[in-house]
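Below sits a lone chain in structure tokens, taken as the form predicted on its own.
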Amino acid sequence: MIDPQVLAENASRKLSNLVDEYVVNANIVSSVMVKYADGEVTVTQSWKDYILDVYVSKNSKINTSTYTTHDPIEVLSKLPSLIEKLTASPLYTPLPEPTGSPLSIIDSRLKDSSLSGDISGLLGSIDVKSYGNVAGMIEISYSRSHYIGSNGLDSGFEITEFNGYFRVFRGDDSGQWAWVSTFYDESLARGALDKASSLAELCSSLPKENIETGYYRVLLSPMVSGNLLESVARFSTAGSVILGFSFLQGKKAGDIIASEKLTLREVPRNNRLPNYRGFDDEGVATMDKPIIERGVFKGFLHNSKTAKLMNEKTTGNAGWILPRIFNLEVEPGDIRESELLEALGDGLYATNNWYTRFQNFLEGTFSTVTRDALLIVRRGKPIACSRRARLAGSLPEMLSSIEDLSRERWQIKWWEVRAPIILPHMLIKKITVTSTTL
């Protein structure tokens, strides 16, 4: 296996004579994925990715490139001619002095299995077949990264990851749940199986009922609230504001933008989540920080470029061009998970969603389609299960309508929740719901 430090050093030597500034990140990822259908393993795949991310600037012109090769020296030679065709960037600012230090988190079982490509011994105790008709996947990975920059950055780290999701079927009904961790913890996978199975069982035991269009109290599972709160976090990055893609445009630190029940944090230093980082892409030290604290907006997330443009300070969230988010965490509420339907009273329990779309970014208006179990609840009891519906509204209204959250939290990541997040169930006072045949 090629050493990412060697790859970064080779690229650095080449770039030092070609451009004014540069940062390279050599990242080598060994992964194994197991796919399931009808409770059985159908495919096991293993692979290694060689990824070289390159940031360069010359005469205030900026270029970023990604190369999926272990020998990018020839293509790097073409960068100066490419940069010459560009215009000076209004976002340009010199790379900051690196202030971060490397943070690694390694589970030896995940590392060894990822490197060998053999996951069978690791997953033997997760009895997927006993749950019946199950589809889904489990993925493990081991990643080594090394950064070298003209600003003095020269540091690397290692990360392991264990993630997956299961969709359990009972006839035409289904439930789904996901998990993520930097450690191998079979209880997370079994917990996802148990949760998905219980939702599918409950839905299959109930009569089916169409949902009439209207306003509803809605309980959002972490699968759904994770998707929507990830959007909130992305809209809190200064890049989204600068580009005109954020309902937070015009807001400032101290503004009330949500119910006091909500505290949403960006937590790159949470070692349970796989975007664990001690420094960002510019080498600046990361820090855990609130985005929303008890309903109060705490400020935008910056790299050095957006910080200069908006006369603020970097928050350690680079992105070489625009800021990024690493990991997210939502503080728990007061409701026990076993009491959630009772707290909901009359309303809907949305357990999963996909196809979230924004009709107006500046207003935060969105719609999303539920999938899997959608429970109709009356007087705290599930009375029926619906096939599918569309939730619609605006993020500002949704944030202001949060009544409470559960005490228990889940570590979630999957297709519709790309940023790893720890969060509870979320009870919303009012959301527009429409029937759909999708």
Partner chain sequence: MIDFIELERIVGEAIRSGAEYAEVRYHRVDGLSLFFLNGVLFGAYQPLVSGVAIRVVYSGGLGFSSTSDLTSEGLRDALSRAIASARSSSFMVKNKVVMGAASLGYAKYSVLERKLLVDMPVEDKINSLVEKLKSIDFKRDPMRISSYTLSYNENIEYKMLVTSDGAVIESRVPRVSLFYNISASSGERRANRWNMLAASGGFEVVDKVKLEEEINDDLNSLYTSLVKAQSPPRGRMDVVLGPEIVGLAMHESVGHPSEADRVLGREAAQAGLSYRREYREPQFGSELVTVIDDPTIPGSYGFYLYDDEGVPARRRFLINKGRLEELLHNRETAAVFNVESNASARATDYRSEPIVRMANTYMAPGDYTFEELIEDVREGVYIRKYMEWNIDDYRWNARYVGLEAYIIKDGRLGDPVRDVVLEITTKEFFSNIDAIGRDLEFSAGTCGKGEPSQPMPVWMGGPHIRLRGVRL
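These numbers come from a predicted model, not from an experiment. Numbering follows the first chain given and starts at 1. Definition used throughout: the rigid core is the maximal C-alpha set that superposes within 1.5 Å between two forms.
Heads up, the form predicted in complex with the partner chain isn't pictured, but that's what we're talking about next.
*Is the gap between residue 376 and the partner chain in the predicted complex 4.5 Å or less for some heavy atom pair?*
Residue-level check for residue 376: no, no contact with the partner chain.
*asked:* When the contact criterion is heavy atoms within 4.5 Å, does residue 227 count as touching the partner chain in the predicted complex?
replied: Contact check for residue 227: no, nothing within 4.5 Å of the partner chain in the predicted complex.
*Does any heavy atom of residue 44 come within 4.5 Å of a heavy atom of the partner chain in the predicted complex?*
Contact check for residue 44: yes, within 4.5 Å of the partner chain in the predicted complex.
*Applying a 4.5 Å heavy atom distance criterion, does residue 63 contact the partner chain in the predicted complex?*
Judged by the heavy-atom cut-off of 4.5 Å, residue 63 is in contact with the partner chain in the predicted complex.
_Just to confirm, with a 4.5 Å cut-off on non-hydrogen atoms, which of 187, 198, 104, 249 contacts the partner chain in the predicted complex?_
Looking at the other structure, the residue within range turns out to be 249.
*Would the partner chain be touched by all three of 67, 169 and 360 in the predicted complex, meaning a heavy atom each within 4.5 Å?*
Answer is yes for this spot.
*Counting only heavy atoms and a 4.5 Å cutoff, which of 326-334, 198-206, 273-281, 363-371 contacts the partner chain in the predicted complex?*
Result of the contact check: 363-371.
*Even though the chain is shown alone, can you say which residues of 68-95 have a heavy atom within 4.5 Å of the partner chain in the predicted complex?*
If the 4.5 Å heavy-atom criterion is applied to the partner chain in the predicted complex, 68-95 yields 68, 69, 70, 75, 79, 82, 85, 86, 87, 88, 89, 90, 91.
*With both forms fit on the core, is the shift of the CA atom of residue 40 between the shown form and the other one 2 Å or larger?*
Indeed, residue 40 is displaced by 2 Å or more.
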